[in-house]
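Take a look at this single chain, the form predicted alone, given in structure tokens.
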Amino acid sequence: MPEAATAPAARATIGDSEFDRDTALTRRAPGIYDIDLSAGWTIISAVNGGYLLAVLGRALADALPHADPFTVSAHYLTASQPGPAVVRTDVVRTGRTLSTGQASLFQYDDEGREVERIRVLASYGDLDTLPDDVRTTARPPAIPPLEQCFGSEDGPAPVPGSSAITDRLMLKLDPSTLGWALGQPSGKGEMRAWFGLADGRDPDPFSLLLAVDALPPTAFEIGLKGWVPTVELTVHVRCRPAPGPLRVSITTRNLAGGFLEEDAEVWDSADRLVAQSRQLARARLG
């Protein structure tokens, strides 16, 4: 009797996925939350900035009367490490359609002193109440079909050390932005990719906070090596994403004084611009 075919793995759902579990916080007291930052979202030895933004974003969703992030601005003060952390939130203002709050994530250094890692100011609302009227000149990025793009499994790791986060992502890069992986960077500050979570979980506003900071840095295509630490990152969530993979396009127009900007657009499967971001990052020129 032939063996039964192996059933395909079930897709994770929103609220029941590795991303949801690893960004979940425990409320210790009003405005104070505990979390164990997962090593699964690290690049080299630091916790990814988009994952951290999702963690603080979920804390603010609990602290504020509105559930959806509209705009989130974060300053990354020191590199976060896997392990215990505390998030403290403050409600700045509550209104009928928008509420604003701030949050900071803290860890302890080797000498037991509390260190602030990241500070966020954000406004929240209800994405489902937004009008459908769209007037834009923006267009989805021209990316080849997903099966014609390449993931981390198709080549060497982009940076030495741990790249644990890549195991948790479905990230397929546009071949035209992969010159750096072949030792032939284009000189253009561009990176484009299909994006999703590896367990099949569909996107939501909090995974958009991860998506804008999950691609290899545009600095690779400019010809620089090594990781590019974020100094500041602002994300605008424009609407709730439709199910299915996202398309992410990131560009850099100016590298000067050892810093560069990265402008990101995130498009959903319904060809809607669902998130935009700008980040300032330090480029290691040496």
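Position 1 is the first residue in the sequence shown; the rest follow in order. A quick note: this is a predicted structure, and the numbers were derived from the prediction, not measured.
One more form of this protein exists, namely the form predicted together with a further copy of the same chain; it is left out here, but the text below deals with it.
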Partner contact check in the predicted complex: of 24-32, 38-46, 60-68, 253-261, the stretch with a heavy atom within 4.5 Å of a further copy of the same chain is 253-261
The listed residue (77, 146, 198, 86) that reaches within 4.5 Å of a further copy of the same chain in the predicted complex by any heavy atom is 77
- Are any of the heavy atoms in residue 11 no more than 4.5 Å from a heavy atom of a further copy of the same chain in the predicted complex? no
>> Would you classify residue 184 as touching a further copy of the same chain in the predicted complex, given a 4.5 Å non-hydrogen atom cut-off?
In response: no
**Report entry** residue 142: touches a further copy of the same chain in the predicted complex, heavy atom cutoff 4.5 angstroms
**Finding:** no
Residue-level contact is defined here as any heavy atom of the residue lying within 4.5 Å of a further copy of the same chain in the predicted complex; does residue 128 satisfy this criterion? no
Of the residues spanning 126-146, the ones with some heavy atom within 4.5 Å of a further copy of the same chain in the predicted complex are 130, 131, 133, 134, 135, 136, 137, 138, 139
